[in-house]
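Quick setup: one chain, the form predicted on its own, written in structure tokens, and binding and motion questions come after.
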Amino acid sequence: MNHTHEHTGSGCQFQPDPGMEKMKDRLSRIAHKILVLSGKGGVGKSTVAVNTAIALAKAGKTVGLLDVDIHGPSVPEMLGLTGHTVDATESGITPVTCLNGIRVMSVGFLLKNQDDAVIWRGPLKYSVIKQFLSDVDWGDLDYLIVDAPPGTGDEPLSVAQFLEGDAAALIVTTPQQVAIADVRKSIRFCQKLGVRILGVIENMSGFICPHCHATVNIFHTGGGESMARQLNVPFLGAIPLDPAIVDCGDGGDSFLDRFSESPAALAYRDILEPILAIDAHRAHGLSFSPNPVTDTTGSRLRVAFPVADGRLCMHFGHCQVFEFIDVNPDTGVIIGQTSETPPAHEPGLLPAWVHEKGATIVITGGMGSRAQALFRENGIQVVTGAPAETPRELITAYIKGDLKTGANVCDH
């Protein structure tokens, strides 16, 4: 904590910094603080931050959006707020309110000319970010989304230190390796500073042609998911590149309102689930762990899926990976998802390994009777005859009671 220095006749005494005390008071009224980070520029991080804020607001949450990209503030333009200014009252600086009631603060509101370059060194940036957190009258918020500039420099470091571990992060990448190499650094950044990682989002994952609606993998696909698996953090989903997202961002329109049934909008709904799950845990008096591999206590259901090429493998012993999906059984909300490479397929080895991972249910296309018995001996329920769909499709159907199963394709 910063301190002010006061000289008295009896020597030097240190007084608490009133700005930090005010900041603590402001932040205590904000339930969840989420940093949107990326080690790489140009991955659409601000687009993800803006649409995440809109999605949360549409879900009925009270949301603030803080743009701490000092040198390239783009949030005002993306929300149609260019030219707006902020007012100061006795209670503090009043953020600008926009669509769906989102409260927004950005250095862009402080510039007289939007073309002016902000040429500030670290201490001044630190001071402005401190002011954004201590002097802006955010009021009571369910979520404060913080859009940080790319990299692991002054701005994300200052926010993380001010929040003192009371923050979670969404990590944004694009699929290609040149981006992923830099984005890995953001994950290490969070781990070193104690920032919880909600998960990785793979943005620009395929381009949807506006004419034929076919998907073209311009930047390849799957790189973000592979990185998340390697670093053992949740993968939240892939958002395709849609020209409508670009048009809405340039025009200050809400993409999620105008194109609510598009593949990209549906992807945002999936990404929203673990964010909303934070509130579900709080309502049930539970702590939230975004990476539940080592936390299988409390109101949590872990389901295992043998997967090959992204879909359920018809024989559990022939899979490439096991996907473990965690669900809050009280709310039906998906809490997290991780991928694990299984050990060699030997009798009795996989059931014990799945048990060690904390799963209590395994859903597969087929499994022999002896293997089923071994799973049951390890306290794991077996569901066979499931279709070759993605684990998320299967778990959603299972939670709703709509999972349609057929014959056990491997009953031997």
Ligand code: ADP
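Bear in mind that the values here come from a model prediction, so they are computed numbers and not experimental data. Counting begins at 1, following the sequence as shown.
This next part talks about the form predicted in complex with ligand ADP, which is not shown.
- Put simply, residue 46 is close to ligand ADP in the predicted complex: some heavy atom of it is within 4.5 Å.
- The closest heavy atom approach of residue 240 to ligand ADP in the predicted complex falls within 4.5 Å.
- Ligand ADP in the predicted complex is approached by residue 203, whose closest heavy atom lies within 4.5 angstroms of it.
- Not displayed here, ligand ADP is kept clear of residue 60 by more than 4.5 Å at the level of heavy atoms in the predicted complex.
- Of the residues 348, 358, 387, 41, just one reaches ligand ADP in the predicted complex with a heavy atom at 4.5 Å or closer; this is 41.
- Residue 245 is the only one of 228, 104, 245, 335 with a heavy atom lying within 4.5 Å of ligand ADP in the predicted complex.
- The stretch among 93-101, 245-253, 80-88, 187-195 whose residues place heavy atoms within 4.5 Å of ligand ADP in the predicted complex is 245-253.
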